[in-house]
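Coming up is one lone chain in structure tokens, specifically the form predicted on its own.
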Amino acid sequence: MVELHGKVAFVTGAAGRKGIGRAIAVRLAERGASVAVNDLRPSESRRQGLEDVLSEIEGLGARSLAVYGDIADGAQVERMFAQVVNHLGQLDIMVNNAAAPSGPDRVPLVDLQEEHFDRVQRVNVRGTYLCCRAAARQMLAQGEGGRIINISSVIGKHGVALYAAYAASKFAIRGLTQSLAHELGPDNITVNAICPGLTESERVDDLAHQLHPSNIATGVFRKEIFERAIRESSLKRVGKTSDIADAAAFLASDYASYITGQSLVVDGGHIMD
């Protein structure tokens, strides 16, 4: 059993009712960690806010904190990290999960508008960089090592049509992960990425809404997405948020103390390398 008692974790992008961020936050709390969770305020996001996940974490007997803010804004990031440390005392585990939702960037590159490309990079790349920097500074100041876990994607391993902006951002996260692993290794801070495949969450609903052909209903197209993923998976099922949460808990634990700079694919055996 992975044990994280006495550790403090910070998970960004955790407000989704069926999201990966929420699943990771709850799993870390189940393993004994105190957990701070982040997202935009409900007025700034289609999500429901952090109250439900906060209640779930506290129901497990773990300390928790909701930290609202934009991870791509440097001043807000500094404020959020100060809140986490002031309230929970330290930072041992950083999970950079927040990402731009599916939107008008899911088009052929020749039709991709600059503002839509920039929007994805702002959240996925700039936001991850700012949070990595803040987490690394805090962990170095503490002098006790740490774990940084960045959520990339299988599309950060191989690009696909209509995903140019997203793929560019997720490839960038893997490069950031590797560079930072080299820099922080001497201080016993590991930096790894998780590359989920298709995972049953709200993001699939957004994806189906964005990409469904005009002659196919969103619900039908969503079902087709899952059926195709099942056919291409060696394990013949779609990923669950708990699969990603288990991988994050492992990388956050002492069991993974000699693993750094890696991109762990969690996709049921679709991509193998």
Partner chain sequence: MYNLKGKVALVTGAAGAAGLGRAIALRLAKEGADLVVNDLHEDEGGRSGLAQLVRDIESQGGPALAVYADVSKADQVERMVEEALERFGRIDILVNNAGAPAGADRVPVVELEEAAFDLVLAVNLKGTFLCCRAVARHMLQRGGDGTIINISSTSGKHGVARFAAYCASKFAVRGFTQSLARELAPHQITVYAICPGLIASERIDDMATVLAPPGVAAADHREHMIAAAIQNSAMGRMTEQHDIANVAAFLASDQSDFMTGASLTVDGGIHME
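Quantities reported herein were computed from a predicted structural model and do not represent experimental measurements. Numbering follows the first chain given and starts at 1.
Another form exists, predicted together with its partner chain; not displayed. Remarks below refer to it.
In the model of the complex, its partner chain lies within 4.5 Å of some heavy atom of G239. A residue is said to contact a partner when one of its heavy atoms sits within 4.5 Å of a partner heavy atom; D246 meets this definition for its partner chain in the model of the complex. Its partner chain in the model of the complex is not approached by G6, whose heavy atoms all lie more than 4.5 angstroms from it.
Within this chain, Q138 is remote from the site of its partner chain in the model of the complex, having no heavy atom within 4.5 Å. The candidate spot formed by L40, L54 and A75 is out of contact with its partner chain in the model of the complex: none of the three has a heavy atom within 4.5 Å.
Checked against its partner chain in the model of the complex, the candidates Q83, Q90, N188, Q121 yield a single residue with a heavy atom inside 4.5 Å, and that residue is N188. None of 176-184, 75-83, 162-170, 97-105 except one has non-hydrogen atoms within 4.5 angstroms of its partner chain in the model of the complex; the exception is 176-184.
Within 4.5 angstroms of its partner chain in the model of the complex, the stretch 130-160 places a non-hydrogen atom from K157 alone.
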